[in-house]
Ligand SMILES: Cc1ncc(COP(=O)(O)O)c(C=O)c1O
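The data below hold one chain only, encoded as structure tokens and taken in the form predicted alone.
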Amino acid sequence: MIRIDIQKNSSSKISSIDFNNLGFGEFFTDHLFQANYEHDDWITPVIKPMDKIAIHPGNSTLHYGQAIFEGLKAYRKANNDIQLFRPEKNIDRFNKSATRLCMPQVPKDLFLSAIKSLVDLERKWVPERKYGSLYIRPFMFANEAFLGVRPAEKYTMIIILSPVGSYYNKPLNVKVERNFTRAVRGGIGSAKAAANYAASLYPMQQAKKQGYDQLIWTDGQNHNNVEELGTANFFAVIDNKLCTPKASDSILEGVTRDSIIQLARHLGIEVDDNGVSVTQMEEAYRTGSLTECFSTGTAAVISSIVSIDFDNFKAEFNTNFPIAGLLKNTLMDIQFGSNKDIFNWTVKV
């Protein structure tokens, strides 16, 4: 059993939170988890009151970007039990990202104990289903002051919690991005690294100025193979088949993506996870066989798309999304415990 020192806050700010208007990532709970890595070991695991952190101006993360993160959620069941959704997948992906950025692995038992202990302490912050869920953000950064270019020898891991509502409040209008690239083969696109998201900000800002909600990222070589949608994975329904980009080192393998693929196959929906191209989508739309498109991710679960700008024409979709709706509702029923978890995906806190 991992021993985590718990230092409780003397007061809570939960009474100041309007759970009817949570937004996403705007509010934070009373405590955080922190552990430090020094001399090849994780030391001083502690849950303590939420506070600012102090770092040296020479901290290597500020200069060279050794930083990764994860995102998962805790859900309140109708009987008020709290459960996590596939946390082991996030832990594995976190450690995979750490390896790619020359950062230390976090032992799985420490990681899961930290999440469970922190969520258990903050269980009053987990919203009821009608309001949202509790977003869990583990992150790690180099915490050594030096200006030489090499992997750091000291690191800090922190977990913070945020009660959240919907990430999007409407279906999306998107465009195909053919100039900028989020990630390339051989890069760090499959790692949940902070730098991946920094690279997407400018193109996204320009797209929003043009009236779009998100971008469909394409490959860096030919800008024809679909990779992701914004910060999420992408799916298209073509000839009643669920098509999604093939996982690679330029695409983040989403936990929700994997869950949707398994769930779709269980429901009898054919899945093709070997890739989808812009050309294929254009042709399918013209023939009427492209009927739905949506993205998947922890934050928004499933976000349907109402229009796609292909540069030479605009594809528009009916606001009835039968497959996306079925998958979203079925998945959320498992996450919130109102449907039987036949996949053993949930973990009780």
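Just so it is clear, the structure is predicted and the values come from calculations on it, not from any experiment. Numbering starts at 1 and runs along the sequence shown.
The protein also exists as the form predicted together with the ligand; that form is not presented, and the subsequent description refers to it.
- Remark: of stretches 153 to 161, 236 to 244, 102 to 110, 253 to 261, the one touching the ligand in the predicted bound form is 253 to 261 (heavy atom within 4.5 Å).
- Heavy atoms of residue 73 never reach within 4.5 Å of the ligand in the predicted bound form, leaving it off the interface.
- Not displayed here, the ligand is kept clear of residue 202 by more than 4.5 Å at the level of heavy atoms in the predicted bound form.
- Contact check for residue 231: a heavy atom falls within 4.5 Å of the ligand in the predicted bound form.
- Within 4.5 Å of some heavy atom of the ligand in the predicted bound form lies at least one heavy atom of residue 297.
- Put simply, of 86, 93, 116, 77 only one has a heavy atom within 4.5 Å of the ligand in the predicted bound form, and it is 93.
- Looking at 175 to 204, the residues that come within 4.5 Å of the ligand in the predicted bound form, counting any heavy atom, are 182, 192, 197.
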